[in-house]
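We begin with a single chain expressed as structure tokens, specifically the form predicted alone.
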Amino acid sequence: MSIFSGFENIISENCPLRDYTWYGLGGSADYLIRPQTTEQLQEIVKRCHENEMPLRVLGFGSNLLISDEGVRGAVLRLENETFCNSAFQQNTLTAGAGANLNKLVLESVRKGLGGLEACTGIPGSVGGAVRMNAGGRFGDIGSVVRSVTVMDRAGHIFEKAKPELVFDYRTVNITAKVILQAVIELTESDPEVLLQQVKEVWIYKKNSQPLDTHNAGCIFKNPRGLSAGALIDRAGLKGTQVGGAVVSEKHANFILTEKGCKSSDVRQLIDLIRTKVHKQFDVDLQLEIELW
């Protein structure tokens, strides 16, 4: 009997994951699970824990590379309305992990609430953005997140709030498997001023990043005081290609994919970049993209 007996209606076996990522690459998951309620999610998480089955959470797949061999174990998609709701109350935004971050940025601006403008153009879910403290040169989401509700491996739900909740560059001190929602503190501001800031962030990204291509955002974190893209550029790696994967000519910290590309091509190109940058500058580039 399957460990997921009774949940057949929300589970797809041997499910291809490429359609759920921006790269559009990779193999299948043993189980792709779409819980419809928090109670279902708790039971699924508990069963995975009790049966020592690997469990991952898939957001919008915008900063993710899945291996050609696929993913063993279970993959959760929190796409039901239960996990995607958001609500504004005065200056506070409570957003489910599955909520669309980009839409919330614009909705906040329309309401004259500032704080999320730095997340303009980040194509991710709230849960994924919190998990990696998404942001850029204009700021990050962690600066406005007040608390996060999470679920641990045993299915227990609890809240982690500042100051115990600590954000750092592309990371947060959350070890729980599942993020359920985030409470975000915003600030009253002039909608026109906020809209102008959003436009400035968008124009900067449009001019400096290959937004109209198959990519998964920045591949590497910026080393302290340095730019990963600049290091890769100085190493002469713009345009370098492995199979169907190529370093962007527009921004060297982006890897683009061409028709016929495999995940293994991207991984080999990542290894090549790291090796050459280390050899030339004695800098170890750390991944920002997540590899499954």
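One-based numbering along the sequence shown. Just so it is clear, the structure is predicted and the values come from calculations on it, not from any experiment.
FYI, the form predicted together with a small molecule isn't displayed, but the following is about it.
In terms of contact with the small molecule in the model of the complex, the residue from Gln42, Ser62, Ser28, Thr240 that brings a heavy atom within 4.5 Å is Ser62. Among Ile203, Leu106, Leu211, Val193, the residue placing a heavy atom within 4.5 Å of the small molecule in the model of the complex is Leu211. By the criterion of a heavy atom within 4.5 Å, Val148 is excluded from the residues contacting the small molecule in the model of the complex. Taking non-hydrogen atoms only, Leu32 never approaches the small molecule to within 4.5 angstroms in the model of the complex. In the model of the complex, the small molecule lies farther than 4.5 Å from every heavy atom of Leu93. Although the partner is absent here, Gly155 is not a contact residue: none of its heavy atoms lies within 4.5 angstroms of the small molecule in the model of the complex. Comparing 62-70, 42-50, 240-248, 227-235 against the small molecule in the model of the complex, the single stretch with non-hydrogen atoms within 4.5 angstroms of it is 62-70.
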